[in-house]
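In the block that follows, a single chain appears as structure tokens, in the form predicted alone.
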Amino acid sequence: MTIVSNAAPDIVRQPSNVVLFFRYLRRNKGLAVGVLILVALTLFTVIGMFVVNPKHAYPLAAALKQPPSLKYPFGTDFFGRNLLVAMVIGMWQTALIGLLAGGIGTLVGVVLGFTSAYFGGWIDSVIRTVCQILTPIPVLLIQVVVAGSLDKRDVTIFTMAIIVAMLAWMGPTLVVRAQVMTMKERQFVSVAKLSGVSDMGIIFKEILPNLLPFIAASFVGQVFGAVFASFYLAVLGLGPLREPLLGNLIWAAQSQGAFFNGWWWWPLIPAFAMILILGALALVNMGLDELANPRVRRTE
């Protein structure tokens, strides 16, 4: 006698994208460390914006040249700025410049890269030629010349973002162009064309979703470059001098001889913050690059 079991077979549930992401972070230690540092810095800035008085980040708001203490955890500078408040505001302003410049550069690069690779012809020749001409030119030199030619009273956070973003589109353009050139020859694109899908439909529905990891990695790389550019422009005294940008704090400390006068905390704290920011962005960029490249992607 045969016994027929009515028990339903076990259903294998696929883990969610969030679970897969955290599993990948567990394997990719560099990306995990970078994300944790960025989250910590973000919490420091966001919580600080609700706790501190932004006016204390500007001159004559506190006692002068006070070392770190309970009243002033990060100390004060020669101009009477509370460095804890200046760090909160300055990190927010530095991040804003990086996000704006990185976003503009990535967006322009994606549009030009898709247009160049997908439509080809004279459009591709013009975009490729312009990138080849501008790529060898030192970006730092152009940024210094442009920033130095402006009246210091006209330089703002948004002005710095535009200066940094002027040539930030070349890298994403070349990266996206190379990827689209490869992807548009694949079989699923040919099938979409034979099915009557329009060019815009192929770009937005077929190619773009497959390029999102590359675009994300490119965006993080552009933010890294923009933050670094805003930092060295400010250190050179070419930023909005009244704003408590991290680079401005270091430039002011250098101009007043902070180390020689024993005010070590003044340049040391913003310099350490910049190391954390740039290091975290570099780790995230390398992690996303690995995620976007299946040849080097780590598996369980």
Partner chain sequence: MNVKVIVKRLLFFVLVVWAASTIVFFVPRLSTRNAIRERFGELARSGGFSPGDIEKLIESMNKSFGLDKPLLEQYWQYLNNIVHLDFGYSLSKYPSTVTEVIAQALPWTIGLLLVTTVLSFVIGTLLGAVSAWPRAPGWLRGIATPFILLTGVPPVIMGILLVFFIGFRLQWLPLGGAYSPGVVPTWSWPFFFDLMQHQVLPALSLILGSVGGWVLSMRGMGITIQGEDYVNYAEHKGLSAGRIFRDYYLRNALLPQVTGLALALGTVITSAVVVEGLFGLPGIGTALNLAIRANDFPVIYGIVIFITLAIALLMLILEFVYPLLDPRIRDS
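Numbering follows the first chain given and starts at 1. Note that the coordinates shown come from a computational prediction; the quantities given were computed from them, not determined experimentally.
The following text describes the form predicted together with its partner chain, which does not appear among the structures shown.
Sort through 65 to 73, 262 to 270, 34 to 42, 47 to 55 and report the only stretch with a non-hydrogen atom within 4.5 Å of its partner chain in the predicted complex.
-> Flagged stretch: 262 to 270.
Three residues, 99, 104 and 190; all within 4.5 Å of its partner chain in the predicted complex via heavy atoms?
-> So, no: the whole triplet misses its partner chain.
The unique member of 212, 126, 137, 178 whose heavy atoms fall within 4.5 Å of its partner chain in the predicted complex = It is 137.
Non-hydrogen atom contact residue 148 with its partner chain in the predicted complex at 4.5 angstroms = Answer yes; at least one heavy atom of residue 148 falls within 4.5 Å of its partner chain in the predicted complex.
May I ask you to state whether residue 144 is within 4.5 Å of its partner chain in the predicted complex, using heavy atom distances?
-> Yes, contact at 4.5 Å.
Is there a heavy atom of residue 241 no more than 4.5 Å from a heavy atom of its partner chain in the predicted complex?
-> Taking the distances in the predicted complex, the answer for residue 241 is no, it never comes within 4.5 Å of its partner chain.
Residue 195 within 4.5 Å of its partner chain in the predicted complex, heavy atoms | Looking in the predicted complex, residue contacts with its partner chain do not include residue 195, since no heavy atom lies within 4.5 Å.
What residues, if any, in 119 to 133 have a non-hydrogen atom within 4.5 angstroms of its partner chain in the predicted complex?
-> Result: 132, 133.
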